[in-house]
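Presented below, as structure tokens, is a lone chain in the form predicted alone.
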């Protein structure tokens, strides 16, 4: 009788979590919208602009922020990004939007629920407190201000769990090495792209969400393309759909709904 080999158990890295995140993608019923008379459209847009302004400054929660984007392509017309301290706050934001007149003319085509996550492949020693400057940097990453730049790109992803290539059975040292190499590519785009990684294991269909922010959309392509050649992505990365959009201010929703994309107006940081 052949002896059975017990597979090695691979250690899970520690994670620390921050704000919850909701990416809410909506398609507009343009035909129904255009059937409204001018006074009805104006009233709906004034209400929507006020709602979005309150979301942007997280008036509904102790802390957080929101941003809104006009999406390029067929997947959606608008993407709302909400960051809040709890899942309850996210649900409340959704409910509040449904009460607006503008919501009657939108259909949700996709959404993504997650929480800002930092993986600690090199954890602190037990009982060792990080220095104050590092502690402050961690807080900024776990509770970030949404960058006041014009473009955003969002996509979900997972790590492969195939019979041959399985990220979750790799030894910790190998995963640490791969993630270090992966991160160095991202650091090469410092000053061009800001990244926010959110964890969604147990919260949504993929394992992570990645949101990129920039003043020029071309670095999105260059960064993701370069990462494709990194072993962590080339061998173990699985990618979902991509959404790319142009940021709208709360007041800019009126121009957008009138068929005009607002220019590069100053955008308040959420």
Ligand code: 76R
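Nothing here was measured: the structure is a model prediction, and the numbers come from that model. Positions refer to the first chain, counted from 1.
What comes next is about the form predicted together with the ligand, which is not displayed.
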property	result
Contact of residue 224 with the ligand in the predicted bound form (heavy atom, 4.5 Å)	yes
Contact test in the predicted bound form: residue 203 vs the ligand, heavy atoms, 4.5 Å	no
Contact of residue 182 with the ligand in the predicted bound form (heavy atom, 4.5 Å)	yes
Residue 174, heavy atom within 4.5 angstroms of the ligand in the predicted bound form	no
Candidate from 109, 145, 197, 91 lying within 4.5 Å of the ligand in the predicted bound form - any heavy atom	197
Proximity to the ligand in the predicted bound form, single hit among 139, 96, 157, 72 (heavy atom within 4.5 Å)	157
Candidate site 57, 114 and 213: all three near the ligand in the predicted bound form by heavy atom within 4.5 Å	no
Option from 46-54, 64-72, 30-38, 225-233 whose residues, in the predicted bound form, bring a heavy atom within 4.5 Å of the ligand	225-233
